[in-house]
Ligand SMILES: Nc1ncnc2c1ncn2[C@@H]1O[C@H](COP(=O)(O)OP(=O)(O)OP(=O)(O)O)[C@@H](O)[C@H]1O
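A single chain, nothing else alongside it, follows as structure tokens in the form predicted alone.
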Amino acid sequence: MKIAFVGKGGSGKTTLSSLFIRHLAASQVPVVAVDADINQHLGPALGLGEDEAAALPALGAHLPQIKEYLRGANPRIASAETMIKTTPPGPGSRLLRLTGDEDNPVYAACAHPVALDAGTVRLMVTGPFNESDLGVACYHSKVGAVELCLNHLVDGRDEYLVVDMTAGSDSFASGMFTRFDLTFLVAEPTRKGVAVYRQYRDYARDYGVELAVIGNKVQGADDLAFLRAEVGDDLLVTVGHSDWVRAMEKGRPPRFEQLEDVNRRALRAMHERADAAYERRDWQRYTQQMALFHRKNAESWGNSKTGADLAAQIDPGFVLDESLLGTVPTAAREESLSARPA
């Protein structure tokens, strides 16, 4: 399952994503967490010290190695240098899994185990926007590594990838917003909070993006009524003040089992909604959307940058789906994929 957390800056999306990750770990669900926000706060929210979080290996710094690994023996990709963030997989590509694939070079280089009191998760980060980027790069060049990995990920039920996305409408600067089974939008009971919801809803509508709203910082009946009036049936649960969260933000979280019952119920409801989204998964549409955004990026900048016709990387007969999961060793899987008809 691939889950995104979005919302305006300061809405509490990183806090809510970290709580959901802790809940999944406590439920003995395998979790890979990704911090794809320009403000890299997910590590500390999961209990890492500031220095430890800052030292995490960045996906963006390993992009050449990631491209080379994912390219595999795909005959449509002449070199790793011609791969861009939207390059889709095809016969011969190496695919990522969430379980049973922990030793692949992508995870070995970039996935950091984080021990929680309720279990262990693997954390990957895009890396911060630093001084060397000022004036010469945009943050989405770093997020591109996450999008490329998502395009090559085959995941199944009862295993989770949870991505803390960049704030606000910046999430729409790439096709990554279509890469998830369910998107949790964290909204405060304010005009700005629901404005981000409307914008996200309207942008995502044409792409079949499934959206559920988590009302945060809800302090009473008036806040709840406001969200219900503005968000309607998309409102899934609400979260109010939490002494547990306040202690976590001070770096002194109690054991997760001590989280307030009302908030534990909210997390269970989110888990149930995410599991239900699995039944509506459409791999055909998912693969078609990959091709759509790859063509857009190829035409707007990719072809000129690489000097190649990147649309030719799309194999029209290839569908990424769970039939590729299996237990086949990587080398054999690549041979099998290469033998599939184009």
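Computed from a predicted model, the values in this text were never measured in an experiment. In this text, residue numbers run from 1 along the sequence as written.
Keep in mind that the form predicted in complex with the named molecule is not shown, yet the notes after this line are about it.
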Quick one: from R97, R264, K217, R122, grab the residue that has a heavy atom within 4.5 Å of the named molecule in the predicted bound form. K217
Though the named molecule is not shown, can you say which of V239, L182, I84, V114 has a heavy atom within 4.5 Å of it in the predicted bound form? V239
Report the stretch among 102-110, 76-84, 239-247, 155-163 that approaches the named molecule in the predicted bound form to within 4.5 Å, counting heavy atoms only. 239-247
In the predicted bound form, K8 touching the named molecule (heavy atom, 4.5 Å): yes
Contact label in the predicted bound form: Q28 to the named molecule, heavy atom within 4.5 Å: no
Is Q288 near the named molecule? Define near as a heavy atom within 4.5 Å, in the predicted bound form. no
Please determine whether S304 contacts the named molecule in the predicted bound form, using a 4.5 Å cut-off between heavy atoms. no
Neighbours of the named molecule in the predicted bound form among 34-52 [non-hydrogen atom within 4.5 angstroms]: D37, N39, H41
